Every structure is written in structure tokens, then in C-alpha cells.
Ligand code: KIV
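Coming up is one lone chain in C-alpha cells, specifically the form predicted alone.
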Amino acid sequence: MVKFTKNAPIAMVTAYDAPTARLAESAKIDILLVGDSVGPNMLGYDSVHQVTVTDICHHVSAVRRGAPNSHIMADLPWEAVADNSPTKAAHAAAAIIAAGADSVKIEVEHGRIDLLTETIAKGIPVCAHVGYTPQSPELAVTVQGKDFDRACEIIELARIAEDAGSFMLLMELVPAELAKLITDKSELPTIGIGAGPFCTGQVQVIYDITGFSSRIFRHAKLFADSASPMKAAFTDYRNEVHAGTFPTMENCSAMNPDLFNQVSAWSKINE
């Protein structure tokens, strides 16, 4: 596994399929994340809670085929942690590694620490995820750590995760000052999403930065509007098919006239 440190910036994006992974690898993206965000973003699920281990393994394998030389991280989905069974979580993590991932990401809240420690004990590299943890149904989709108790809890969870042997720490939707405090106190490289500029690196959902999301979120930036030209291509294609202007003979192969005459004659005889 590639050694990541606090001394070098880390760019991470989600990837769910081979073509996207191929592009990301060619752009020298440091880590490709097969997140459980694949559920709402690609599979049409209503929630990340519907994503299964089989789903994650399927998409990890596709991403690995597209990016054979990249570090691939994958979320341990809700199905693997819902029962709070360390054995079940570690078994699922092992399956995800076998599918092609280099590491797994586990959301860390009190009550789930054993899932983290058991997985690490099995020799599986783990990135601990603190702050807003989407698999926690009791949490509102909002910045975490804006009050004293939750800020202290996030600091404590980050420390526990590091002491347990995590190789990386991801912070989602926490105030920039809190992310900086944790980064400064930790020996681990930190990854932020909606956590400000003071982390070692950043992660973004691919659709949030390429124009496919419903809106531009505050934690993201539209680096390219890829959706508009794709929609224009779909519209032009549909219009030309309906008008009969596509395809033309330039878009297909022609048969040798003599051969066609022979085949045509045979066809008439065998009607």
C-alpha cells in the first residue's frame, strides 16, 4: 500500500465505474473512493443505508479494472455495521479488500469503536471517518462540532481512531478551526470534505465537481460543467435519429456489390 503522510497533499475523488477510474488515474488523483454515495448518486437508492456489501464489491472491482495502479479506498456500508457486530464488519471489510480495494473507510461514533478495532486487528488498513457520519440516522445533515460537547466528542473519536491504528482520518462537515486542531494534534494525514483548507488533503464526490449534482454545495466547487454538453449531445442524437439524418452510410460498412447480388439471389431462392 502507498504510504501517505501529513507532509504531502492528497487529492481524493469518488469513482464508481471503470471509465471514471481510468480518467482519474490518468489525472494522477491520489486516492479513488468507492463511497456508499454510489447508492443515491448512481444506483438510484433513496439512502446510503440501502447500499450492500455486494454493491460496494461490484463497484470496487470495476474501479480496479479501470485504475490498476491507483490506491482504492471503499466505504464499509451500513449493511456491514448495522448490527454492531465486529466479526461481521471485519468479514465484510475482507471481502471488499478481496474485490480490489487497498483500504476501507469506517464511520466512527461511540458504540462502533469495536468495529474499527476488530477490522484493524485483521490487518486491514482503515481510514476513520468522523464529524458528519452519513450512516448515523440520528444526525442532521449539517456541520458537526459547532457546540462544545460535539466538538470535544469529535476530537476524542479522532484520538481513539488514531490510537486504534487507523492510517488516515477523514473529517466531514466540521468547522475549519476544529479540523485544523485535530490535524495539528494528529500524526495521521487528514482528509477533509466541508472541513476547510487545513487538512492534509481533500475528497469530493465526482458528481459535485463536474455538474451532475442538483446544486453546487458549499463544500464543493464546479470545476467543469460536464452535464450540459452531455445533455446537448443526447438531444442532438435524439433529433438526428428522429429526423433520419443519423446514421448515414459513413457510419456503417457496405457490402461488396457482387457479394450482395449473390446473397440477394440466394435469399430469394430460399424464401
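Keep in mind that what you see is a predicted model, and the values were worked out from it rather than measured. All residue numbers refer to positions in the sequence shown, first residue = 1.
The same protein has a further form, the form predicted together with 3-methyl-2-oxobutanoic acid (KIV), not shown here; the description that follows concerns it.
K.L.:
Mind telling me which stretch in 84-92, 113-121, 146-154, 169-177 gets its heavy atoms within 4.5 Å of 3-methyl-2-oxobutanoic acid (KIV) in the model of the complex?
P.N.:
Checking each option against the 4.5 Å cut-off leaves 169-177.
K.L.:
Which pick from Ala67, Ile29, Val205, Cys57 sits with a heavy atom within 4.5 Å of 3-methyl-2-oxobutanoic acid (KIV) in the model of the complex?
P.N.:
By the 4.5 Å criterion, the partner-contacting residue is Val205.
K.L.:
In the model of the complex, does Thr210 come within 4.5 Å of 3-methyl-2-oxobutanoic acid (KIV), counting heavy atoms only?
P.N.:
Close contact is absent here: in the model of the complex, Thr210 is far from 3-methyl-2-oxobutanoic acid (KIV), nothing within 4.5 Å, heavy atoms only.
K.L.:
Taking heavy atoms only, is Leu188 within 4.5 angstroms of 3-methyl-2-oxobutanoic acid (KIV) in the model of the complex?
P.N.:
Close contact is absent here: in the model of the complex, Leu188 is far from 3-methyl-2-oxobutanoic acid (KIV), nothing within 4.5 Å, heavy atoms only.
K.L.:
Counting only non-hydrogen atoms and a 4.5 angstroms cut-off, does Leu33 reach 3-methyl-2-oxobutanoic acid (KIV) in the model of the complex?
P.N.:
Yes, Leu33 sits close enough to 3-methyl-2-oxobutanoic acid (KIV) in the model of the complex that at least one of its heavy atoms falls within 4.5 Å.
K.L.:
Find out whether any non-hydrogen atom of Ile193 is located within 4.5 angstroms of 3-methyl-2-oxobutanoic acid (KIV) in the model of the complex, and reply yes or no.
P.N.:
Although 3-methyl-2-oxobutanoic acid (KIV) is absent here, Ile193 would touch it in the model of the complex, with heavy atoms inside 4.5 Å.
K.L.:
Which residues from 40-77 come close to 3-methyl-2-oxobutanoic acid (KIV) in the model of the complex, meaning a heavy atom within 4.5 Å?
P.N.:
Heavy-atom contacts within 4.5 Å come from Asp75 alone.
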